[in-house]
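Alright, here's a single protein chain in two forms, structure 1 and structure 2, each given by itself as structure tokens.
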Structure 1
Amino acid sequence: MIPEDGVPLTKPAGNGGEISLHGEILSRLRDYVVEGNIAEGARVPERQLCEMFGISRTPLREALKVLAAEGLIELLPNRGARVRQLSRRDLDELFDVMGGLESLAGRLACENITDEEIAGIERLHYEMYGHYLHRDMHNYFQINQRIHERIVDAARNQILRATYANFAGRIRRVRYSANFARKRQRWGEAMREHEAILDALRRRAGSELSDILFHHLRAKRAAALDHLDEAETGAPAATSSPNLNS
């Protein structure tokens, strides 16, 4: 009658050291798909992946079911799995949900964040500002992500954190290809919004920060999807030939 203990596994977000083969395969396959190793809409070759991972079909198929539940792939009956192709509508929806989650994170962060954490975010902010001044898009983007992650961390909500990570994974490919910062105007706006975010955070103004973050994500969405429209309507067949002019 001893209350049994045990460490739960199978976190939604991939953790480092998996024990079960299933968990290991799940993480690796998720990364494999998120990193874009399979074209959107293309088949997920079961047998081939089995050879690649050196396992049998059973654990791989279990991982496929989970990835399907996560929305990364879709299962067609008797026709196997395909990498999910995100429509314009899907992206709209995903960005909005991300906006809602960040909005929530900001609100909760205002309830829980410490002065030290705010100071840390401020440091990141100024670092990011430096990249902005130098037009260093890549590093700007990196720091930007880290700031948002810090806010999510400060929300002190593991479930929110896991959910956020899940959705972030689903749009990661698009986010990278978006490169919204190409537009000077938008970039400047984003910086100003980030200053407002910091300000609201300092004042622990939860509702206000919630609002700012939602609109901030909306602006990101617009930039990212406008870019998508350009790529799609401009040259249908061109898969990777963006004109890098500004």
Structure 2
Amino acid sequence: MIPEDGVPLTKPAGNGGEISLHGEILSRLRDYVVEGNIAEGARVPERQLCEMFGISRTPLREALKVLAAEGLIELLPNRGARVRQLSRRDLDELFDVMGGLESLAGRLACENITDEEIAGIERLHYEMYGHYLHRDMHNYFQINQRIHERIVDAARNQILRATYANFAGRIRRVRYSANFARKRQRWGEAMREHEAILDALRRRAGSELSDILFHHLRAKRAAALDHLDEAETGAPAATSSPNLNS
């Protein structure tokens, strides 16, 4: 998460400096939005973020364009940007689509994945488990997303990959917040589901992995709606800290 006092970003020496600077701004801004530091529907505070990052508005706005393309924010004509707000119907439909895409990816991945790719996903899994044990939500979530992306990559289907990337950004913030749903003890459940995902992948059990991934997204949707209900009714959330979770 971006520290409140901010750390100015410096441009590295060499021809790759501008690209590196853009990538770092984009990554940190994406994390800042995904982790709920700006309320849904709220305007993006460009001046505050520029001060936080130690940058001008030009690179910030370039990063905002990317986040708009990913579906995390909306660009407002001559009025800056705001965080995209999703309705319950939006969530229902998006999670259904994502569940279908990940289900298909799991089936195809089991047909095409290499031993080296499985080993790589296994390493990520245990790295993620370490973050889970330390209640490090930020890094847990980062690795979690990489695992899902690796499975999609292993499907060897460029249309599927492009479609998945198009929708993944729209619910990335919601997938993060779903881990805080108290009633379902979502974080622990998600970890156990990932154990089952890895087991099916090792065995290349395509039909089984397809079902696991679909129900994994359904469970995530239910947890996201629980969290949305808490926010709408004013009930206390499980926690607002990325390092604590019930």
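Here the structure is a predicted model, which is why all the values come from computation and not from measurement. Reference numbering: structure 1, starting with residue 1. Between two forms, the rigid core is defined as the largest C-alpha subset superposing within 1.5 Å.
Name the structure that matches the description of the form predicted in complex with the DNA.
It is the first structure (the form predicted in complex with the DNA) rather than the second.
After fitting the rigid core, is the C-alpha of R84 off by 2 Å or more between structures 1 and 2?
Indeed, R84 is displaced by 2 Å or more.
After core superposition, I'd like to know whether A219 moves between structures 1 and 2 (criterion: C-alpha shift of 2 angstroms or more).
Result for A219: no, shift under 2 Å.
Quick check on the domain motion between structures 1 and 2: what's the rotation angle of the smaller rigid part, to the nearest degree?
Smaller part versus larger part, rotation angle: 38 degrees.
By how many angstrom is the Cα of G41 displaced between structures 1 and 2 when the rigid core is overlaid?
Rounded to one decimal, the shift is 7.4 Å.
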